[in-house]
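Shown below, as structure tokens, is a lone chain in the form predicted alone; questions about how it binds or moves come after it.
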Amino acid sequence: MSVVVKDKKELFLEQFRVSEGLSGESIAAQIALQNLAFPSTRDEYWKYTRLTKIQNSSFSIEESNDDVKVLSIDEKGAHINCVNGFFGDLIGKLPEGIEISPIEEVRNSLVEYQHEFFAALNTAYFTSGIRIKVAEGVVMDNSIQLNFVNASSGIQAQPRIKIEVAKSASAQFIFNFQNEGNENNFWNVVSEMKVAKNAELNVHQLQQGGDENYLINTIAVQQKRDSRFAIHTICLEGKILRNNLNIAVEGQNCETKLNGVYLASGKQHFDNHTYVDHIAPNCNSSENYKGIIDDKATAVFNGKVMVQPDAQKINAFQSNQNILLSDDATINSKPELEIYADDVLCSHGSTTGQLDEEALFYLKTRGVSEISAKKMLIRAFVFDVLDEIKLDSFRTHVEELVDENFKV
């Protein structure tokens, strides 16, 4: 009698299999998973993020009807709750020209799941999905807030989101990841966003899903001619928090803005990976990420700008700045430029240091307590990133969190 010994990847994948039949690209994603290795620090893409705790954990699928308290950041906007990875009904009203429907199967995906394990995992076994279409010419004054929350512990949640902003339309969204005190939950979120000609899309992410939970968050964006895309990512909580942000700038005269703030403490691990692919000429992109790392926390920033041969007259700016508040805090920063065009203006840089001791001393001599002085310096450090946020309700809420919730 022979005994079949399964490896860790096989054991991990078994818990994600669902009884319903696969369709569309989910079949191809399942085949891809068979050939893809579970990510490890031997992979350049995951060099500084160890995922052993996720691989060795057990997760279950549990659709919940429990009422959960959801923080309303933009009270004037509409809300959709995603509890345990399953989307509920719309709360509030939408302006005319916005259509929301469920995703039954994945087709024409922007995400390269053939090469990335967690993207393939979501494509094969997503728990629930929604498609949001903003019709041509529609301008959203308020946001749509998607709330991701767990009603229990030990849950695997794999929602899928598709946002399509049609020609000359303007839309804004809030992705609110929040914690209800539950532990050992694994969120693997995939979002696809299409921004049509002369359209605008603004996305605001607040990630405070709890320090005993895991989040892998993948976003793929496609920009067409004359479009504008901006995303603001605020990382505050997570045992392991990874953002994969991939932008394909396919049309001329596009504007692309990527902004991020991460405040890591305790034993948190935050990892931000960004990739801006300039395919067409005459475009501008800017990227500004700032981090404060304390205690034994670890942060990673890997930002890459690709300029293709036909993408002349590109103006690309990339910056990552960090402050370490303790001797045990760690930052791994790797901004990159890969340029195959000769008529471009591109720059990148990374700095890491401590709080300005002279400025701290100056504030203390003016009667400001040390804690208040540190908070003032931290806020001043991240202010230029937060000032880029044009949605007032989101910016105000984040500024309060920076002031009140970060321990110094």
Partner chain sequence: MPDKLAQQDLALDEYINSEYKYGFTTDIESDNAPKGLNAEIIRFISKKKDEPEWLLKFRLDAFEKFQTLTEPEWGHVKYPKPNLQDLIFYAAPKPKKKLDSLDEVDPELLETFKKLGISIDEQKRLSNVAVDIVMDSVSVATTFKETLAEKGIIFCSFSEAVKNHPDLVQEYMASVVPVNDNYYAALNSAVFTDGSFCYIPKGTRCPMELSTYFRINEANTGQFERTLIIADEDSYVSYLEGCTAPMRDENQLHAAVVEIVTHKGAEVKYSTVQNWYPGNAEGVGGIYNFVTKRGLCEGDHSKIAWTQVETGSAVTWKYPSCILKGDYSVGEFYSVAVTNNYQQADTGTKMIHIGKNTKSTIISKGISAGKSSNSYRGLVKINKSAINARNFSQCDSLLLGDTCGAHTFPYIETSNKTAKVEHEATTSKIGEDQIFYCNQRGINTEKAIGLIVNGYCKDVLNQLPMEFAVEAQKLLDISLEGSVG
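Note that the structure is predicted; figures quoted are calculated from it, not measured. Positions refer to the first chain, counted from 1. Rigid core (definition): largest C-alpha set, two forms, superposition within 1.5 Å.
What comes next is about the form predicted in complex with the partner chain, which does not appear here.
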{"property": "Partner-facing stretch of 210-218, 108-116, 159-167, 321-329, counted where any non-hydrogen atom is within 4.5 angstroms of the partner chain in the predicted complex", "result": "321-329"}
{"property": "Distance check, residue 41 to the partner chain in the predicted complex, heavy atom within 4.5 Å", "result": "no"}
{"property": "Residue 337 within 4.5 Å of the partner chain in the predicted complex, heavy atoms", "result": "yes"}
{"property": "Close approach of residue 342 to the partner chain in the predicted complex, 4.5 Å, heavy atom", "result": "yes"}
{"property": "The partner chain contact at residue 347 in the predicted complex, heavy atom, 4.5 Å", "result": "yes"}
{"property": "One residue of 333, 244, 284, 81 in contact with the partner chain, assessed in the predicted complex (non-hydrogen atom, 4.5 angstroms)", "result": "333"}
{"property": "The single option of 60, 55, 369, 354 touching the partner chain in the predicted complex, heavy atom within 4.5 Å", "result": "354"}
{"property": "Residues in 41-71 close to the partner chain in the predicted complex, defined by a heavy atom within 4.5 Å, in order", "result": "44, 47, 48"}
{"property": "Core-superposed comparison between the shown form and the other one, residue 343 Cα displacement 2 Å or beyond", "result": "no"}
{"property": "Rigid-core frame, C-alpha of residue 359, shift of 2 angstroms or more between the shown form and the other one", "result": "yes"}
